[in-house]
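First come two forms of one protein chain, each written alone as structure tokens, so that there is a structure 1 and a structure 2.
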Structure 1
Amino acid sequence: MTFFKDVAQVFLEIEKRSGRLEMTDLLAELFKKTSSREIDKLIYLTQGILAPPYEGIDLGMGEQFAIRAIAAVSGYPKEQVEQHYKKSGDLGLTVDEMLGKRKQLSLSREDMDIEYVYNALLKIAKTGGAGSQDLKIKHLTEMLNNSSPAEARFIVRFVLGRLRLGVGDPTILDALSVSKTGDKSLREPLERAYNVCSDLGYVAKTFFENPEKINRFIVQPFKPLQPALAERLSTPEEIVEKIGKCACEFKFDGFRLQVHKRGKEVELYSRKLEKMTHMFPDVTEAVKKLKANEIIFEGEALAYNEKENRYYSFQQTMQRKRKHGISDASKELPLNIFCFDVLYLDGKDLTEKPYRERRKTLEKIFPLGILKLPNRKIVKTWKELDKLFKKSIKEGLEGIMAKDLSAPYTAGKRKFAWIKLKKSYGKSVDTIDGVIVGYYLGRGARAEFEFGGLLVAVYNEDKGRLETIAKIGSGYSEQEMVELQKMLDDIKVEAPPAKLDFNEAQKPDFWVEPRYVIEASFDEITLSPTHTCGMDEGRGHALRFPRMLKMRPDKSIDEITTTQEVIDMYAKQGPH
């Protein structure tokens, strides 16, 4: 049994260190002491969650409620807690200090173990209905009554969704391997297991119950896989040079769905692995008709307008969900799913099979009703590829996907198993995906919307930091501006995001929590003294003439463009 006070002690140590190696060792030591019954819960607590994100379990506690619980436990008036918080900027620090000087001492403090803390947090999350906020506060107060100041620090941050230990999943994977073998030798199978189930707690539990099993870990329904990602190249020649003979498919600009079925039970997951089942009853019904008892497959969903015989883009497909009632939308703009990969079928994990075989399996199952099969052609030369690319553009599509016939399904990885060729490549127009970290107020004509543009950042993988790349002031429709401001208002924060490196010259009027991803186009990448992306000797990178293209609600902030990708794009622009 592991006590939460020992966990809190390790978290405190981790906070003081920033090196991955040190963090790995600290965690590995803690894992060694933990039983297979507790390990999944400890992993979730370290990740700052209660279950894998696709389960949608949210603690849903606001600052004000935590403040009330802190006041009740510490014996200080609420106003004093608030005052302290204003200075510290972190309710975790506030509760730590205030409990240290606690006015009332709790008489019946008991040591809490991991299971107790986890279950108590789960209880808070699951408390719903009328009067639920008061009950949540009561549960939190009980837990804090049993806490030492350090334990309380992490519990409060956890319930607010701000644990942020700075421990990434790769570090946890390393630590799991080290805890059992003393080295990182099992990191690879552990990572594969994680990529094919997206549930780190479950991976750890399986591993602790029987380390052998991690080498035989198989995909299973209702544990979504991290989607495989495509590399990009700029010309058909480069593609054929890279992978030779390959399968060429049209690239549909729709909405990626991962479909899981067992018997009559069906779930649909978005690219970010959020459950979308309730949004697409028409798809669920179509999937139920498949003969396979158990199946996992992926496809691109596109709304189809029969009258005009045309497909709708990603954005229009998304609007279908928002605008129409869900059932009306199915009638007016029926969805078609282009099923492009199959990952599991009736007890068999297909992810390690070459694409050639997976495609054959797909062809046995699809098409069926709205579940279509994308056309594909095997090509040997770049000319054939080019012809198909041009055809796709002529048909109003985005471009093509070239697929390596011998490649396995590369869950969670961007590999040359898939290579995309899009219409904007080769020209000067390119795009990046960035996360919004702040916004500016409008000046002049735009003032009435009080919205003047976004400060956008990309991710520096080496440093684990966000770095600014553009202030984007154009490309918005009026409606978009209003919507954006409303969304961003809800996630305003006082201080700049902790992970962000920025220059005062780009300071926005409001900072926001880095949550929303947008796609932006630009003319070229230039060097900038004030944007921090890839900053070296006073020169960072910035987008020249950046324009907002669209929101990317399907992308999480872990998927934004990296600093290295920007530096590569800059280098590709040729001599400067």
Structure 2
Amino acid sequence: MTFFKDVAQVFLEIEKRSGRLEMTDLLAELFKKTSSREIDKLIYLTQGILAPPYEGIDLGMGEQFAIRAIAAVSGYPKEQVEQHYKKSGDLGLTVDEMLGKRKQLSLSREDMDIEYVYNALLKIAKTGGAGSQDLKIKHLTEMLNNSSPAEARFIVRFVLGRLRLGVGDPTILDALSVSKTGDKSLREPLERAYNVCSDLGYVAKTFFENPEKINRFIVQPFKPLQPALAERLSTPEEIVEKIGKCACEFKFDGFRLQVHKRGKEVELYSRKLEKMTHMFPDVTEAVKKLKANEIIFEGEALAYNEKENRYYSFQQTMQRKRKHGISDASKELPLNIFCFDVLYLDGKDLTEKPYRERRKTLEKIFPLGILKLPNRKIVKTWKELDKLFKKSIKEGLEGIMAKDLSAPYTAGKRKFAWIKLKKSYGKSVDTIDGVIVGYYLGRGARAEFEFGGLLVAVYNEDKGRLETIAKIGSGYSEQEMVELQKMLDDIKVEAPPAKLDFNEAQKPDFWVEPRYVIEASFDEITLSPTHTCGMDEGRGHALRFPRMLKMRPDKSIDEITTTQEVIDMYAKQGPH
């Protein structure tokens, strides 16, 4: 049995560290003391979640409810708790300090183990209906009554979705390997297992029960895979030089879906692995008609106007995600699904098969009604590829996707199995996808608006940190500015995100949780003394004349552009 007070002490030590090696060793020592019965719950708690994203479990507790619980436990009035929070910027620090000086002591405090804390948090998440908020506060109060100040710090942060540990999944995977072998030798099979089921708690439990099973992990229906990611190159010549003879498909600007079927049961998952099934009844019915008993495939969903014989934009397609009026939306914006890969079929894991074989399997299954097969062409030369690319742009599409004919499906990996070539903007190599970490108030001509621009960051995979790359002040309509300000107000935080490296010169008026992804275009990448992307000897990388293209609600922050990609794009611009 592992007590949560021991977990909290390790979390405190992790907070003081910035290096992944130190964090890995601290976690590995904690994992060694944890039983196979508890390890999955400890992994989820470390990730700041209660279950993988596709389970859709949300705590649903806001700051005011946490403040009420802190006041009840500490004996301080609610107003004093709020006052302290305004100064600290972190309710976790507030409860830590106030419980250290609490005016009233619990009469029956007992040590909490990992299972107790996890189950109590799960109870909060699953409490619903009339009076549910009061019940949630009651459950949280009971936990805090049993907590030391350090335990309370992390429990409060957890219920607010702000654990602030700065520990990413790669560090947890390293620590799992080190806990059993003393080194990272099992990192690769652990990572593959995670990528094909998207449930790190399940992987850890399986690993602790029998390490041998990790090498035999296979794809399973209703445990969605991490989506394969495409690399980018800037010219047709580079693509052919890299992978040679390849398959080319037009790159549609649609909504990526991963489809799972077993018998008549169907689930649809977004690229963020959220369940979308209830939003797309027309797709679900079409999938049920497939002859295969069990299948997992991926497709790009686009809203289609049959009268005009044209596909709608990404933004219009995304309207199908709305929670109300789903039946009407199905009629107004019927979808076509371009099924571009198959990962599992009637008990067979196809992810290790080369793309050419997976495509042949697709051709035996599709087309079927709205489930279509994307056109593709095998090309041998860069001139053939360039011709297809120009045709794609002429038809108003994003570009092309080139696929290595011999490559397996690389779940969760950004490899040159797939290479995207998109229309350039100005002199830029490509667009970037960044996560919003803050926003600025409107000034000058925008003084009437409470929104004047975004601070955007990319991800440094080596450090496990977010790094700023642009202050984006253009590309918005007035309506978009109003909507963005309202949306970001809901996720404002007092302190900068825990995993963000930033320069005070770029400090926004308001920090926000790193939740929303934006696609931005730019003229070129320049060196910057104030942006932290790839910072080396006082110079980072920044976007010159960045412009917002669109929000990407279909993408998670795990899919944003990496620092290394930015550095590579900068290098491809030629002499500086």
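Remember, it's a predicted structure, so these values are computed and weren't measured experimentally. Quick note, the numbers are simply positions in structure 1, starting from 1. In this text, the rigid core denotes the largest set of C-alpha atoms whose superposition between the two forms falls within 1.5 Å.
Structure 1, rather than structure 2, originates from the form predicted in complex with ligand ATP.
Annotation: Cα of E461 displaced by at least 2 Å between structures 1 and 2, core superposition. Once you line up the core between structures 1 and 2, the Cα of F389 ends up 2 Å or more from where it was. With the core held fixed between structures 1 and 2, S179 has its Cα displaced by under 2 Å. The two forms, fitted on their core, place the C-alpha of P529 5.0 Å apart, compared between structures 1 and 2. Structural comparison between structures 1 and 2 after rigid-core fitting shows the C-alpha of V512 displaced 3.2 Å.
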